[in-house]
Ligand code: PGA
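Next comes just one chain, in structure tokens: the form predicted on its own.
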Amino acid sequence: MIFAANFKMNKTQKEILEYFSNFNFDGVNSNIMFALPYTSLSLINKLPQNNILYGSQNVHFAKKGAFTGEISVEMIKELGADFSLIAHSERRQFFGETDESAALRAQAALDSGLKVIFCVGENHRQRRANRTKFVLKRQLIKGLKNINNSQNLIVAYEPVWAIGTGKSATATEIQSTHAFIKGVLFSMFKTDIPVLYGGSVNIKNINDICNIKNVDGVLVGGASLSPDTMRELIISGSKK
């Protein structure tokens, strides 16, 4: 089971150090990933290392050049990053991320040896129009079309309509949607790709979500910002 935390635009370097100094990792044996703000990636070698991967929330596809405000793969690798999120719903919604640009970012990251958590998901309008599967298939095929090696690929299903709302998809919806995603991925790569669920994951629903067939872990947003809550999520979600 994979537990991935996305801190989004939260926490200074001081707050990151405080977070991990207060995180009790005793008895935590799961695969854990933390997507940190760019400004805190330089702290990676000062943070706990056992069974933990650290990464960025986005990365550019070019090695260098006139891309003001962007960060390259080599820049985050130099700081010790193990992975990057790609095409998070907020990147798509607020910053114009397209399937085409996401494909370039994913390819660059994976070709460099980084792991990638590639995010897909439908919004309210698409869900109401019963276009969930169409949207997910398009995002997967266009976004991952250039991937030659899927060994380091993880996909996260984010129902955009559930993020930050406190609402989560039902167990039946999650199971069937993850099964559909895994089917598309298998047709592309002929292997089983881990699929995480990310949509208002919290203490109340974590155990149920992690016990749903086809769920290989979770991508946690706001609930990950407290070390105590994140630990509780991991402990509870690890129970079978």
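Source: prediction; values computed, not measured. Residue numbers here begin at 1 and follow the sequence given.
Although it is not shown, the form predicted in complex with ligand PGA is what the next lines describe.
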Checking T177, S200, N58, S40 against ligand PGA in the predicted complex, the residue with a non-hydrogen atom inside 4.5 angstroms turns out to be S200
None of A162, A103, L114, I154 but one has a heavy atom within 4.5 Å of ligand PGA in the predicted complex; the exception is A162
4.5 Å heavy atom contact, G222 and ligand PGA in the predicted complex: yes
Hey, in the predicted complex, is E97 touching ligand PGA, heavy atoms inside 4.5 Å? no
E90: heavy atom within 4.5 Å of ligand PGA in the predicted complex? yes
Quick one: does E158 come within 4.5 Å of ligand PGA in the predicted complex, counting heavy atoms only? yes
Which of 82 to 90, 129 to 137, 104 to 112, 146 to 154 sits within 4.5 Å of ligand PGA in the predicted complex, heavy atom basis: 82 to 90
Are there residues in 1 to 19 with a heavy atom within 4.5 Å of ligand PGA in the predicted complex, and which are they, in order? N6, K8
